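A lone chain, given as structure tokens: the form predicted alone.
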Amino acid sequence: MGWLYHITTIGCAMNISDSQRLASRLNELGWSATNQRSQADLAILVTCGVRQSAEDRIYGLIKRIKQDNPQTAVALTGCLSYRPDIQAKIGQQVDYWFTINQLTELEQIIPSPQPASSLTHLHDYLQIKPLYTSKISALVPIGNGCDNFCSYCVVPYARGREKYRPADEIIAEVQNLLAADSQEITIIAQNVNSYRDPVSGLNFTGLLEQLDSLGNYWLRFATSHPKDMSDELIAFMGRSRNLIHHLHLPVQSGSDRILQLMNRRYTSDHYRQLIAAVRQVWPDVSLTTDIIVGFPGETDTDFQATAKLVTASGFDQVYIAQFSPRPGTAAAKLPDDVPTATKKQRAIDLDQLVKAGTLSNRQAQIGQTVEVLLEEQRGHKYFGRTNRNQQILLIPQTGNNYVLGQRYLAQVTAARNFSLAGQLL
């Protein structure tokens, strides 16, 4: 066989980061990447099992891979790789199965040209040096797994319990990225703010304080759990030099009854108090969230409580999901009693509320001067993000030279629901 591989990544930032470590390990084993999936000897799918729609994509992808090149071997990893029902359903079409935690023993699962003896033995896959896909921005995972067991979520079953990296490993990775001129670092985990250094006991705020002192760059983190948003963390956010003013804080529902069924361990009032405290230290914060509609037992009253929270909170973006039962979770045992048509309509109604709020938020920024990070150039236009993590289309000033991966000032000139336009200064 040849030794060309292609990776398809579905889902969250953690899956993207995992794919970078997977690519690095394959390269160490003597494989070479190809951008043409039909030319690959091995097609690897890094899967997401959070929603049914993500799961359904896999079945179509495997079919297309085999149609394009029947000789291509298929490997499946990620959140679906642990599920016996998935293995029973598509086992005949998948040649290799492995979880992300098995990357350190990949040479025992997938045949490779390089002998296993040439590899450095690692205890944790997060110790693998990733093959970063951008010179501008980088994802740095600080841990893996989750202990929260939200009733709708597969992550604790797919990834296991929380396991965090020592702070010195994380700091070294960030230092190396900054030395290579990365301008933006995003710290990620399933629940970043429950971080605890397994060696020293350092908490998440302490880790951020150390990262904040490393230089002049944009620092972000995701995803936070509201139950772990401490006063200490919020106070640090207010005095940080490098944290950009964006917070992704999933609320999932505005109904206390549904939050309890979801095992989220906070109330809607507590969530409101958190975002009010964040706005005290970051008045200009761009706040984004996740919401599930149609959770088992969700009544019109429950949904209206969510709509009320959305209207009052001034979110910049809301990622709306229609509930789909995930095998093995507690919620899968509940009657999926909200009709599909009702779920769809609630998603539409909520999306309309969100768009009205986000447009108003962005229109209020017209005329402001903002710092932007240039990420892409198309013709005479540039695309980037503001220091509130908002997408912006930028028109350059004639005669000025702008460099991708650098930060500049721009004046906001126009607004849409989920983006801005501006003039580079």
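All residue numbers refer to positions in the sequence shown, first residue = 1. Computed from a predicted structure; not experimentally measured.
Form predicted together with a small molecule: not shown, discussed below.
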Please tell me whether any heavy atom belonging to Ser182 falls inside 4.5 Å of a heavy atom of the small molecule, as the geometry stands in the predicted bound form. no
Looking at the partner-bound form in the predicted bound form, is Ala321 within 4.5 Å of the small molecule by any heavy atom? yes
Can any non-hydrogen atom of His225 be found within 4.5 angstroms of the small molecule in the predicted bound form? yes
Within a 4.5 Å heavy atom cut-off, is Ile292 in contact with the small molecule in the predicted bound form? yes
Would you say all of Val155, Pro250 and Arg264 touch the small molecule in the predicted bound form, counting a heavy atom within 4.5 Å as a touch? yes
Gln190, Ser268, Gln317, Ser313 - the one with a heavy atom within 4.5 Å of the small molecule in the predicted bound form: Gln190
Could you check which residue among Arg165, Arg326, Arg220, Arg83 gets a heavy atom within 4.5 Å of the small molecule in the predicted bound form? Arg326
In the predicted bound form, which of 50-58, 33-41, 361-369, 386-394 comes within 4.5 Å of the small molecule (heavy atoms)? 50-58
